[in-house]
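One chain comes next, on its own, written as structure tokens: the form predicted on its own.
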Amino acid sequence: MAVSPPKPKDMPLNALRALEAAARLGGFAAAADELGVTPAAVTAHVKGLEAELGAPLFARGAKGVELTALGKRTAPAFAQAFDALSQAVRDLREEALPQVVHVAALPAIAQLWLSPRLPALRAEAPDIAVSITAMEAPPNLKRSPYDLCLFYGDGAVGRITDDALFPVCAPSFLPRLQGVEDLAAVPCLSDATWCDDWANWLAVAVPDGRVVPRGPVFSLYALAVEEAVNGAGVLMGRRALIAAHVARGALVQPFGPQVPIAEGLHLWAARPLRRSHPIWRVARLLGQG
């Protein structure tokens, strides 16, 4: 009777994914963040691979981990393999013509720019559902499930709109502002992410530095906008994000100028878009907005 040799045991895919992410990102914590697991889970996966191989893949030290010679030789092939796997998954989804388009966007853009445009998008393309995920930084589209990304910066699909800085406040707040100098005596609202916006605007509007804005800093730009609408102070507005509030009179510009900023709203795509595909249709409609 013929005896078949034992089949080699496959290495766990999740463990290999943890290895690749840790090698590419330079640490277990960063890999855990990308994969949505704990650093302990990544550590356990890597230790399991090392035990099976009988050789270390990472050297542990006080300053973190570093690939061993074995790890450096083999990590690039895993990066290529997982890139190819991610591409194959995207190809599968695209060929299936999904009717759900996944968009990742900066929280302020998602809430203040994108959300108000969804009713028009649904009316134009009622067969397509748009799923929105708010995040602070653009995801790695090679390794994430998102079809489109909307952030400030340079985008592969294109620039959606330019932007500019200028102060805004509620109409009820206007009597307290006779001129730019009055900013020194009123609350000046700002956002933690764009903490330099006031300085950048003042460098043009009041270049002698005689006005130093003071006031609360918010972790969410949308919250700062609402506080300005409620009369809490003067906000350094970003035109693209507050246009709807200005259009309906909830916020007004007490004085100029409007100072252009280099970065506008840009759209990224996971891959070249195919005409008439649902992802292409959403990208086109957003570009019109």
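Sequential numbering from 1, following the sequence displayed. What you see is a predicted model; the values in this text were computed from it and never measured. In this text, rigid core is short for the largest set of C-alphas that superpose within 1.5 Å between two forms.
From this point on, the text means the form predicted together with the DNA, which you will not see here.
Participant: Heavy atoms within 4.5 Å of the DNA in the model of the complex: which of the stretches 230-238, 249-257, 43-51, 217-225 has them?
Facilitator: Answer to the contact question: 43-51.
Participant: Looking in the model of the complex, any heavy atom of residue 264 within 4.5 Å of the DNA?
Facilitator: Heavy-atom contact with the DNA at 4.5 Å: absent for residue 264.
Participant: Taking heavy atoms and a 4.5 Å cut-off, does residue 64 contact the DNA in the model of the complex?
Facilitator: Within the cut-off, so yes.
Participant: Hey, in the model of the complex, does residue 38 get a heavy atom within 4.5 angstroms of the DNA?
Facilitator: Heavy-atom contact with the DNA at 4.5 Å: present for residue 38.
Participant: Using 4.5 Å between non-hydrogen atoms, is residue 9 touching the DNA in the model of the complex?
Facilitator: Result yes; residue 9 sits at the interface with the DNA in the model of the complex.
Participant: For the stretch 18-32, return the residues whose heavy atoms include at least one within 4.5 Å of the DNA in the model of the complex, in the order they occur.
Facilitator: The stretch touches the partner through 27, 28, 29.
Participant: Does superposing the core leave residue 59 with a CA shift of 2 Å or more between this form and the one not shown?
Facilitator: Residue 59 C-alpha, core-superposed: shift of 2 Å or more.
Participant: With a threshold of 2 Å on the C-alpha, tell me if residue 23 counts as moved between this form and the one not shown once the core is superposed.
Facilitator: It does shift by 2 Å or more.
Participant: Has the Cα of residue 49 moved 2 Å or more between this form and the one not shown, judged after a core fit?
Facilitator: Shift of 2 Å or more: yes.
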